[in-house]
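Encoded as structure tokens, the following chain is the form predicted alone, with no partner shown.
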Amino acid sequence: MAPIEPSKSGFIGVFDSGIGGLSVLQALRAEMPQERFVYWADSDFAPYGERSEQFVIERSHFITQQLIAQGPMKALVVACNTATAVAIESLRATFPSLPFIGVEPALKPALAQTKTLRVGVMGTQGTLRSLRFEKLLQSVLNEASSQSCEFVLQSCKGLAIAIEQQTEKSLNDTQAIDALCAHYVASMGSFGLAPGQIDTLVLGCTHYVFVQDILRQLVGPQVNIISTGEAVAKQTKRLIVPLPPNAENADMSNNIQLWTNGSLQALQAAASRWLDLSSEHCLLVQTESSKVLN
């Protein structure tokens, strides 16, 4: 594992169970191009949404410790809805001096945008069944009590891993993902602007951003599709002391490392496709915890 060079300002860490969090990294880099980033794709154990809560907590702590060991870190973005839902409170308690920024399904923004008062939420089983999500949903429902808003929850088993596996395929080879998206969208009911239809769709997994075009074709052009990357980037910027725009390391092509413990080729393909980064930014992580729970 290549060490991070010490820096007065440090770097921003980002991790996800795989390549899905690259959608959050896109937004972070757009908001703070002068910052340095290290991204950990825990692809050997993806997706977290189909793992036990204890497993996700164990992995989240291990990754945090590994990133801290690389030098000064400004903040750590948990770019995974499931890891945020089940592990972020534990991380904050264990590492109190490190700012953690999580992601969660954008239910409040969806409530503000819906006109039909029916909102669809696509997520992993781990996210939608978590206590944190249950609390978030109840809080939003309480705020919307006078509006009688309905959230239609759809657990999308297999979709995140299909997106991982599609990374190395041709852009035109999306048959498996097309089928999964069509199945889950159909399971949620009718989309549109008419009374009783779902007019807003929340992407409750960072992986799903990469199939937004497919989802758009399925739900139609008038339906709002909401993700969380931009909001997470703005929150991260608020919590750190950002470097000035003319900082020495403001070259976006040289201030980022992407790590994976899975397929290096898959990460390289994702980096090229979604971040316009060459393979030299991608590294294979060879150290692993001896205390991984299955």
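Residue numbers here begin at 1 and follow the sequence given. Note that the coordinates shown come from a computational prediction; the quantities given were computed from them, not determined experimentally.
Absent from the display: the form predicted together with D-glutamic acid. The rest refers to it.
None of 188 to 196, 81 to 89, 175 to 183, 110 to 118 except one has non-hydrogen atoms within 4.5 angstroms of D-glutamic acid in the predicted complex; the exception is 81 to 89. At a distance threshold of 4.5 angstroms between non-hydrogen atoms, residue 200 is out of contact with D-glutamic acid in the predicted complex.
In the predicted complex, D-glutamic acid lies within 4.5 angstroms of at least one heavy atom of each of the following residues of 205 to 231: 205, 206, 207, in sequence order.
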